[in-house]
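Just the one chain here, laid out as structure tokens, in the form predicted alone.
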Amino acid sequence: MKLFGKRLFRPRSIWIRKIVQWFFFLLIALISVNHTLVENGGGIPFLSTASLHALCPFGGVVTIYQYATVGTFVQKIHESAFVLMIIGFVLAFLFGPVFCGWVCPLGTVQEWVAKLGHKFFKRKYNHFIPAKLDSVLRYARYIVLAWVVYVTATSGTLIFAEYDPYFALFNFWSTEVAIGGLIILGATLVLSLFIERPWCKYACPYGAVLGITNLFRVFQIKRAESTCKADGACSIMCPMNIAVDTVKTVRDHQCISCLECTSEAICPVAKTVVFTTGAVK
């Protein structure tokens, strides 16, 4: 239980999100392990052609230039990645970056490590970096995005695979993973003990793309000022450190649509922080 102001409040859980996160983590883990088993003569036959590159929607983003100019995909990128990219954009336009908050296995693992950080550092957790520095660092992922798109477009190769912690997470036992990816994965997990979702906040290029949809998405997180107690519960629980209790509508480019700030999860007043298309009073 947590004490906000003078009230003792037990936060609820968006349980369906936990189920979705576990499902996609186990699915990707199964496909990755099976890929290795197939290469050694075993595995599940109907999953034998599946790969992480085929299931990564960001692969569709980095291959847009080559597909538009010459009609082919970047090496290792499959048509399925292009389809998933489109689905990801549609979902983001409707609901915001739900891929980040509900689907991405790397984001899920960072949240699991964060539980240890919360136990070790209590309220200090996720607040180690000064606010001014943090606000600048959050735009670093757009620099990463520009670099990845430019290098991929000019080289025609999937250069990001050598640094991708997501790929390293599900291939650390194989010879396919590059040392750079393992180093970044290790750094991400260590930093997750101090900062919630550090890769998502400061480096993820796909998160940078989807984050833009927070400006115009259909379903938005809104706060009713008339019933808000301004106790900061919604802001304290936000993994991305967004000051939800200071805005009417959350349009921050870092929002991952996890819904942990809503009245369904942490806000003690019903229908105060809601996920809706309509107006709130």
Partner chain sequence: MNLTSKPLAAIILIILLGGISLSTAMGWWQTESTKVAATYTEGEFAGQANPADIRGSYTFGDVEKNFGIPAVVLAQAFNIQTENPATFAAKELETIYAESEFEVGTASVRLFVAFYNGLPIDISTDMYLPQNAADLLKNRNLTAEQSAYLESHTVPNPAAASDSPEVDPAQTAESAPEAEATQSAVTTEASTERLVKGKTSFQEILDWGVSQEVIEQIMGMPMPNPLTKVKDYCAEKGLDFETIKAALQIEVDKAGQ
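Keep in mind that this is a model prediction, so the values were computed, not measured. Residue numbers count along the first chain shown, from 1.
This protein has a second form, the form predicted together with its partner chain, left out of what is shown; the following refers to that one.
Remark: of stretches 128 to 136, 115 to 123, 80 to 88, 182 to 190, the one touching its partner chain in the predicted bound form is 80 to 88 (heavy atom within 4.5 Å). Within 4.5 Å of any heavy atom of its partner chain in the predicted bound form lies no heavy atom of V177. Its partner chain in the predicted bound form comes within 4.5 Å of a heavy atom belonging to W102. Put simply, F172 is far from its partner chain in the predicted bound form: not one heavy atom of it is within 4.5 Å. Contact between F23 and its partner chain in the predicted bound form is found at the 4.5 Å heavy atom cutoff. Between the options A54, V247, V33, M237, the residue in contact with its partner chain in the predicted bound form by a heavy atom within 4.5 angstroms is A54. Along 130 to 149, a non-hydrogen atom within 4.5 Å of its partner chain in the predicted bound form is carried only by W147.
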